[in-house]
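A single chain comes next, written as C-alpha cells; it is the form predicted on its own.
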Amino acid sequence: MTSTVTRAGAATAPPRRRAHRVRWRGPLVAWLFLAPALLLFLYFKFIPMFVGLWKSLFKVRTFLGDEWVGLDNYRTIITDDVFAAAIWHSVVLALGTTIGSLVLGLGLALLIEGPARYLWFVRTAAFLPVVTTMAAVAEVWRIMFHPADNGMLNVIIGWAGVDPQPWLASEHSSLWSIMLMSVWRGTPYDMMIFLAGLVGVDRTLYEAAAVDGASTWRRLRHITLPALRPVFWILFTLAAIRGLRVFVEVYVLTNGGPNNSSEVLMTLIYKLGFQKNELGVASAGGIVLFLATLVLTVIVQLMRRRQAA
C-alpha cells in the first residue's frame, strides 16, 4: 500500500513541477528579451531625468562645484519674461498643430478610405513626411519659405493673387509658418490612425442610415465621429505632447528668431544649457516641461474616462 502511494506521488509530482516551470518560463523569456531595451531606456531616460531633477535645485558651476539654490531656478522660470513668452509660444504651437493635423488627418482619411487598389500608393505618398528625417524636412521648408518674390511659396500664393509674405523673416508670421510645416508633417500620421479606426466602424450602420434618408453630413456626425471618439482622444494626447516638445523644426527654421518671436521652451532650454552654461535653470525648464506633459496626459485621460462613463 505504501509503495503504491509512493509510486503515485512520484508519478504526479514531476508534471506539477513541469507545469510550474512552464508557467514561469514564458514571462521570464519575455523579460530577458526586453532587458537590453529596458537597460538602455533606464540609462538614457530615467537616470538623466532624476539627475536633471537634482541639478534643477543647484546653480551648476563646472569648476567651482555646484551651489544649492533650492527653488530659485523655478522662480526664475516663473518670473522671467523670456520664459513666459517661450511657454506661450509652445502652447500656441501645440494647439495649432494639434487642431490642424487632426482636422486634415480626418479629412484625408475619409477621402482615401476604401479597398481600391490605387489607394495604397496614395497612402504611401501621404505618409512619406512622417518617415523623413525632421532636419531634412525643416531644411527643405526653410528654402520654400524664402521671403523674396521668387520664393517657392510666394510664387504659389502669387498664382492666387496674394502678395508675397515674409514667412520666417517676420516677427508676426514666423510662429505661424512653423505651425504650417508642423501640421503638414503631423497630418499623415493622424490620417493613418484614423484609417485604422475607420476599419472598425460597422458598415451596416451606414446602410441603415442611407435607407432612412440620412445625408452624408448626418452619417458623419452621428456614426463616424462617435465611433472614432477613442481615436480622437489618443491622437489629441499624442499631438499635444508632440507640439509641446517641438524642437528641431524651430531650431532649423528660425532658432527662435526673429527677436525671440518663435522661441519655444525646448529651444530656450537648449540655449541655456549648452550655449549659456546655465544648466540649473535649463534643468528646471526641462522639469516644468515634463510636468506640463504629465498634467496634459492626466487631464485628457480623466476627460476620456468621464465621457466613457
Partner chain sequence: MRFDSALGLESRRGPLAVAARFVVYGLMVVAFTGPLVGLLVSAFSKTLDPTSFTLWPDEFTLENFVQAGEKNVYLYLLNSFVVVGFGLLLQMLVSVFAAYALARKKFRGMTVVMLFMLATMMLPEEIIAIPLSLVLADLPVLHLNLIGTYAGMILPVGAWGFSILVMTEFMKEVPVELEEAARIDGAGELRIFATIIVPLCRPALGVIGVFGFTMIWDQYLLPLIVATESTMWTLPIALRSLRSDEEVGIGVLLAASLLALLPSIIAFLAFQRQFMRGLTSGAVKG
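Positions refer to the first chain, counted from 1. All of these numbers come straight from a predicted model, not from anything done at the bench.
A second form of this protein, the form predicted in complex with the partner chain, is not displayed here; the remarks below concern that form.
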Requested in this report: Decide whether residue 258 counts as a contact residue for the partner chain in the predicted complex under a heavy atom distance cut-off of 4.5 Å.
Outcome: no
Query raised in the report: Looking in the predicted complex, any heavy atom of residue 97 within 4.5 Å of the partner chain?
Result: no
Requested in this report: With heavy atoms only and a cut-off of 4.5 Å, decide whether residue 193 touches the partner chain in the predicted complex.
Outcome: yes
Query raised in the report: Using 4.5 Å between non-hydrogen atoms, is residue 269 touching the partner chain in the predicted complex?
Result: yes
Report summary line: Given 169 to 177, 69 to 77, 89 to 97, 205 to 213, the stretch touching the partner chain in the predicted complex at heavy atoms within 4.5 Å is 205 to 213
Query raised in the report: Which of 227, 82, 157, 140 has a heavy atom within 4.5 Å of the partner chain in the predicted complex?
Result: 140
Report summary line: Contacts from 242 to 261 to the partner chain in the predicted complex (any heavy atom within 4.5 Å), listed N to C, are 245, 247, 248, 251, 252, 255
